[in-house]
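Okay, here we've got a single chain as C-alpha cells, the form predicted on its own, with questions on binding and movement later.
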Amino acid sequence: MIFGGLLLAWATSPSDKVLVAHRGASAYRPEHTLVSYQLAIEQGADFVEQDLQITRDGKLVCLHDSTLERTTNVEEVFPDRFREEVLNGSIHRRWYVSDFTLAEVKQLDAGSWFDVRFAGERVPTFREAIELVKGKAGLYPETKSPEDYREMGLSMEALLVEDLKAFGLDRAEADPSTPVIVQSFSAESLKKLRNELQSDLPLVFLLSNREGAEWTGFEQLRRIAEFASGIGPAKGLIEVDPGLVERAHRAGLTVTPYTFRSSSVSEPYTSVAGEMEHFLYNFGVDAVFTDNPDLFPRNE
C-alpha cells in the first residue's frame, strides 16, 4: 500500500502518487454503493472515499448529499416524508437523511437513478463500507455538514471514531493494509477529532473554490498544519495559483485536489488521465480524487 497511513510520502518519496476513488468508481457505477467501492478496489484505488451522513437513529451511512432524493427513490417509497424549503423564491421538497431510520433508508433503491442495471443497490452503512474495503485499500471518510448534525445533538466525529474502533482502525497505522484518512470542509470538525477525541489519524482540510482562497497563504497554511496533515483544494485553486502546492509542502501539508472526472475535462486538457498527470507530475500534488480510478496515471 503506497503512502502507509500518514499521507506524507512526498517528503521522502515524491514519485509515490496516491489514487483516491471519489465516491468509489463513480464514473461507472452509482456513487457510494458497495458495487462502486468494489470496482474502485479492482481498478487499483489506494483509498476509497466515503461521504458520511447520520440517520435519525444515529447510524453513519455513506451518502454525499444530506438529502435522499437525488440518488434514491425516496420520493416513491416515502412520498409524504419531505420538508418544504424556499430556495431562490421557489418551494423545494427535501427528504433529509436525518428524518429516516436506518431501516427505512435500507428500503430505498440507490442504484436505478444511475442505470437500471444497478436496481436494488442500497445505501451502505459506514461499517459495511469498512467491511468491504478493509485489507484491500485505505478508507477516506468525510464528515459532511457536521455542524448541522451537532445542532441535532449528534456527534459525527464520535460516531466515526466508534465505527473505526469496532474494526481496530481508530489509530494511525493500526492496520497497514487499511490506512485511514479523515477529511472535512469543517476546521472545527477536524479540531474536534484531534483535540477532543484525541485522534492521531491523518486529517485533511478541504478547500472550496469559493472560500478556500482565504487559506492559501503561507501563514494560513501553517495554521492548518496545527490541526491537519494535508489540504484537499478544489483543483481550480491550484490552476490559478500553482505555488500553493509548494507553500503547502513547506508548511508540512500534503496536497490532494478534487475532482478529476472524464465527464468534465476542459481545455487545455484532452483527457482526464492527462489532466491528472499534469497535476501530479507538473504541479507536484501528492494525490488526486477521481471518479475514474482506472485512468490514474502512475509513473512506475
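The structure displayed is predicted, hence computed values, not measured ones. From 1 onward, residues are counted along the sequence shown.
Another form, the form predicted together with ligand G3P, is not on view; read the next lines as being about it.
*Asks:* Using a 4.5 Å cut on heavy atoms, which of H64, R29, H249, K235 is close to ligand G3P in the predicted complex?
*Replies:* Going through each option in turn, the one that passes is H64.
*Asks:* Of L159, L132, L139, L206, which one comes within 4.5 Å of ligand G3P in the predicted complex, counting heavy atoms only?
*Replies:* Selected residue: L206.
*Asks:* Taking heavy atoms only, is Q183 within 4.5 angstroms of ligand G3P in the predicted complex?
*Replies:* Yes, contact at 4.5 Å.
*Asks:* Do R23 and ligand G3P share at least one heavy atom pair within 4.5 Å in the predicted complex?
*Replies:* Contact with ligand G3P, yes.
*Asks:* At the 4.5 Å heavy atom threshold, is T259 in contact with ligand G3P in the predicted complex?
*Replies:* Because a heavy atom of T259 falls inside 4.5 Å of ligand G3P in the predicted complex, the answer is yes.
*Asks:* Using a 4.5 angstroms cut-off on non-hydrogen atoms, would E275 count as touching ligand G3P in the predicted complex?
*Replies:* Result no; E275 lies far from ligand G3P in the predicted complex.
*Asks:* Mind telling me which stretch in 141 to 149, 114 to 122, 174 to 182, 192 to 200 gets its heavy atoms within 4.5 Å of ligand G3P in the predicted complex?
*Replies:* This holds for exactly one stretch, 141 to 149.
*Asks:* For the stretch 38 to 53, I need every residue with any heavy atom inside 4.5 Å of ligand G3P in the predicted complex, listed N to C.
*Replies:* Heavy-atom contacts within 4.5 Å come from E49, D51.
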